[in-house]
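In structure tokens, one chain follows: the form predicted alone.
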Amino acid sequence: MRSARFVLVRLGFMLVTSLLGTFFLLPVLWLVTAPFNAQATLRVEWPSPFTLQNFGEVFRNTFAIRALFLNSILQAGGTMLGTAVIATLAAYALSRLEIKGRNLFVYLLVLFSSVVTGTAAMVPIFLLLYYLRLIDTHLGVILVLTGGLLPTGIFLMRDFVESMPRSYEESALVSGATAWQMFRDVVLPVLRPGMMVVAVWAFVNAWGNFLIPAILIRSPEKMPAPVAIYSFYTEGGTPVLTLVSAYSLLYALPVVILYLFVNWRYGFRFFGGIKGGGK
């Protein structure tokens, strides 16, 4: 009886996971087939006839190409760099300095950032950037995106810092290294996998953000790809599926390439991985 129940549970689990997998796989299959179809529809079907003309038309749209290969990379790359660096420094300070109530501070920071999102705080953020003269600038977008991602980034990095034994740092200091040399030569190499995880996570969040650039950017030549994709819509608001699918595939490639490179080079762990050693 128990064996039959176990088999039924396993079959039910496989059925549910198969349905969920199919649900998430269909959009991906459409994304990799529709750009090569001269008559793409919302159905997943083999390209007939097969063509590369869709990509040719996309590359002739200089506004969209500039948005993808320049503006989006500038904004997402700046956000990635700022979030990874600042989160690492803040997480190291919160982990190593004896600050009363630091654990409560970290959890409140994450909770507060989840409640007061960029959408809810957009009016004061816009006014602040207006007075700082950062409206319609890449820097303004980078600062807003970085500020929104930092609390969670600090929370993620803090686990990596906590997993590193203090004996590593103490050994370097005893050997005569300065605080900066210790941090640069001992701490950063150990925390590098964590920094890469946070960097990719920040890049993906900034890469796909539509609202903040749409509000803060005014000049067409500074628009990122999530906004520029609407240039492939008709005046009535209907997407031209052949061009939207081709542009979407190009839009997805940098994230996929970055993920594969970091996963190959460092591996993805959303928790610290060092064992042993006392704190």
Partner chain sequence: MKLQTEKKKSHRIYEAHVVLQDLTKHFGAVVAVDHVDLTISEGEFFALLGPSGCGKTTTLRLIAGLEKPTEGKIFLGGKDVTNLAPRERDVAMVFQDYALYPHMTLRDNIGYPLKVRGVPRKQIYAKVEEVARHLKIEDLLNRRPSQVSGGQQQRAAVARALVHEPQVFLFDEPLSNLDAKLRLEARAFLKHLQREVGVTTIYVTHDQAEAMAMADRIAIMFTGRICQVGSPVEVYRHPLSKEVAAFIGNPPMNLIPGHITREEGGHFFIGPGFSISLGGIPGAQEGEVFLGIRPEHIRVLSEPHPQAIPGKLYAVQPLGPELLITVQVGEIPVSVRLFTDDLPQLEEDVWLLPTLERVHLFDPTGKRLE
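Numbering follows the first chain given and starts at 1. On a predicted model such as this, the values are computed, not experimentally measured, just so you know.
There is also a form predicted together with its partner chain; it is not shown, and the following applies to it.
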Can you pick the one in Leu156, Val186, Met195, Ile73 that has a heavy atom within 4.5 Å of its partner chain in the predicted complex? Val186
Decide yes or no: are Thr62, Ile65 and Leu68 jointly within 4.5 Å of its partner chain in the predicted complex, with each residue judged by its heavy atoms? no
Does any part of Val190 reach within 4.5 Å of its partner chain in the predicted complex? Heavy atoms only, please. yes
Do Val161 and its partner chain share at least one heavy atom pair within 4.5 Å in the predicted complex? no
Taking its partner chain as it sits in the predicted complex, is Leu81 in contact with it (heavy atom to heavy atom, 4.5 Å or less)? no
Are any of the heavy atoms in Met182 no more than 4.5 Å from a heavy atom of its partner chain in the predicted complex? yes
Counting only non-hydrogen atoms and a 4.5 Å cut-off, give the residues of 25-56 close to its partner chain in the predicted complex. none
